[in-house]
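Before any questions on binding or motion, here is one chain by itself as structure tokens, the form predicted alone.
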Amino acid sequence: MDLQGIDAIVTLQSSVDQLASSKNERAQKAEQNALDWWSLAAIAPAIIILLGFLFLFFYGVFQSLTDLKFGRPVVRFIGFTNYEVAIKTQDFWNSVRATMAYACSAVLAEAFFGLAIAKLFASGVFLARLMRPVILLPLVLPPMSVALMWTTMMDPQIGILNYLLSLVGIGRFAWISDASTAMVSLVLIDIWTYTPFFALIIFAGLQGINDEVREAARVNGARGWATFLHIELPLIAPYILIAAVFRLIESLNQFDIIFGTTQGGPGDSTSVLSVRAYITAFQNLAFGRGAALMVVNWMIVLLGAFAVVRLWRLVRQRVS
């Protein structure tokens, strides 16, 4: 075969290779541009549920701008009238104060006791080994069951708590039956129920601290409380704050425990926004005003969560 024939074969082969590579590239681009129907089908339920929640939320916001009430045949758009009526009443501001007092007191107390329990678990003492199997028990109980259980225990006449107090010479305590002690009693119930949540998250943070860090602190002369305050506490502060975010959101929205024990009473001493919204909407049948109260509650939750998340980011940057 002469040189011209060989050159023709080489040229033809290179042309075939280029054509094949261009076809492969086009096929790959087509595959990339094509919809991945299996992936779309996998996430479709989550998208549908999310859209459903968004629809219900925005429909609730729309309801708060109407005069919707049971038995009223015509629903009118009234703008922010429900909000104006609410903020002009003393009951609304009492509910806002009760909501903030309940949530802030519960979260702060749970963070303190959760930190103490987590530190106890990290120490590995005998009491810690006894508590670990039962620490999750309050968390797995339904909130309404917790409310009914504590309502029975806090009964001023037949409750076991007053019986135990009588054994040490303390008189009967009103607990949830008196307006001056009802909020404190509810906070105690919340502390008992959700302190394990803080304890588990903080304990995970303590377990993540390298022993070399503690050893270096001891070499530099840090002992006991100094090691905890200056080494461990700053390192687990992000864990405390991330737990506080979840608990603050849930405490500001708390309904089951409060309604199951006091139903907002005595009087309106424990009538937080979620309970007042329920009573307004489903007992007074003023659905528009009840929706307005829930929107206000949502705004408070949003602002509180953003504030704690921002603090968490600042603390995390400082620790890093």
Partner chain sequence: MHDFVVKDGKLETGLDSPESVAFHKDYVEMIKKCAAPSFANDNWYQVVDGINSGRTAMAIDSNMFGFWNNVAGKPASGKIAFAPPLRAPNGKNFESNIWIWSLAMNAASQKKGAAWLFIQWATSKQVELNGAVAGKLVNSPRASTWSDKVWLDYAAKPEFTNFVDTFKIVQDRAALAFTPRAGFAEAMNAWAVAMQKMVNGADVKATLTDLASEIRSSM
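Positions refer to the first chain, counted from 1. Predicted model only: the values in this text are computed from it and were never measured.
One more form of this protein, predicted in complex with its partner chain, exists but is not displayed; see below.
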Worksheet entry | Joint contact, Ser177, Thr262 and Gln283 to its partner chain in the predicted bound form, by non-hydrogen atom at 4.5 Å | yes
Worksheet entry | 4.5 Å heavy atom contact, Gly52 to its partner chain in the predicted bound form | no
Item to complete: Would you check, heavy atoms only and a 4.5 Å threshold, whether Gly60 touches its partner chain in the predicted bound form?
Response: no
Discussion item. Glu250 versus its partner chain, in the predicted bound form: is there a non-hydrogen atom within 4.5 Å?
Written reply: no
Worksheet item: Does Asp91 make contact with its partner chain in the predicted bound form, using a 4.5 Å heavy atom cut-off?
Response: yes
Worksheet entry | Options 118-126, 178-186, 234-242, 99-107; stretch whose heavy atom lies within 4.5 Å of its partner chain in the predicted bound form | 178-186
Practice prompt. Could you check which residue among Leu136, Ala226, Leu141, Ile158 gets a heavy atom within 4.5 Å of its partner chain in the predicted bound form?
Written response: Ile158
Item to complete: State the residue from Arg172, His230, Arg132, Arg218 whose non-hydrogen atoms include one within 4.5 Å of its partner chain in the predicted bound form.
Response: Arg172
Practice prompt. Scan 217-234 and note down the residues that get a heavy atom within 4.5 Å of its partner chain in the predicted bound form; none is a fine answer too.
Written response: none
